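The form predicted on its own is given below as one chain in structure tokens.
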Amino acid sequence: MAPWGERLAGVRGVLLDISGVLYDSGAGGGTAIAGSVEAVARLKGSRLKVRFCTNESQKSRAELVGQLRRLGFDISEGEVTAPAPAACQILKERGLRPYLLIHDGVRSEFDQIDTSNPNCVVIADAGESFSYQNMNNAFQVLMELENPVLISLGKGRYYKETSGLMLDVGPYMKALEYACGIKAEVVGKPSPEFFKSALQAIGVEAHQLLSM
């Protein structure tokens, strides 16, 4: 394997995942993964541009950043690329009014979005809000539309908390896809557009990037 100096030749930026890379979420704010606080500090003290990417959809960026700062990370809200703001931009550009099947913790990200008379569904990691009633409401909205639009903030199968593995948004997204005979538009990882927006934010090209 080539030395790090050679491997980093031409690299100008680093994209860092958050959940499972920097910390494991859970009760009490979660726990930082060993060495991650120090690693972020070293990266931010280097010549490299650093951007944080997350599919977190149970917390607003402000809440997530506050939690990470309490764990010792040097991070600001403006350094985080997250799916909720990206989805809001899409909704505004396309004049979409969503039925929101989301967690209450991220609802504040959609405060400026018109949700009256929905003409699409936005689904995220809704946690306990993934009830039969709420899933059926989303199903009914989609089935009543001539051109149904389902936007999903990620498509992960599961994620890790300190208490164990937890179901993510992907299985619920797939249930609506199957029931309605449609394909969801994924906003977040692994969508190429999501990563492109992160690259644009730090002004580097894909070939100049290291992703972790």
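So that there is no doubt, residue numbering starts at 1 and follows the sequence shown. From a predicted model like this one, the values you see are computed outputs, not experimental measurements.
What comes next is about the form predicted together with another copy of the chain, which does not appear here.
- Across the proposed site, N136, Y158 and Y172 without exception bring a heavy atom within 4.5 Å of another copy of the chain in the predicted bound form.
- Heavy atoms within 4.5 Å of another copy of the chain in the predicted bound form belong, among the stretches 59 to 67, 24 to 32, 149 to 157, 39 to 47, to residues of 149 to 157.
- Heavy atoms of L167 reach within 4.5 Å of another copy of the chain in the predicted bound form, making it an interface residue.
- In the predicted bound form, at least one heavy atom of A179 sits within 4.5 Å of another copy of the chain.
- Although the partner is absent here, E128 lies within 4.5 Å of another copy of the chain in the predicted bound form, judged by heavy atoms.
- In the predicted bound form, another copy of the chain lies farther than 4.5 Å from every heavy atom of Q89.
- Proximity to another copy of the chain in the predicted bound form, defined as a heavy atom within 4.5 Å, holds among N117, Q112, Q140, S76 only for Q140.
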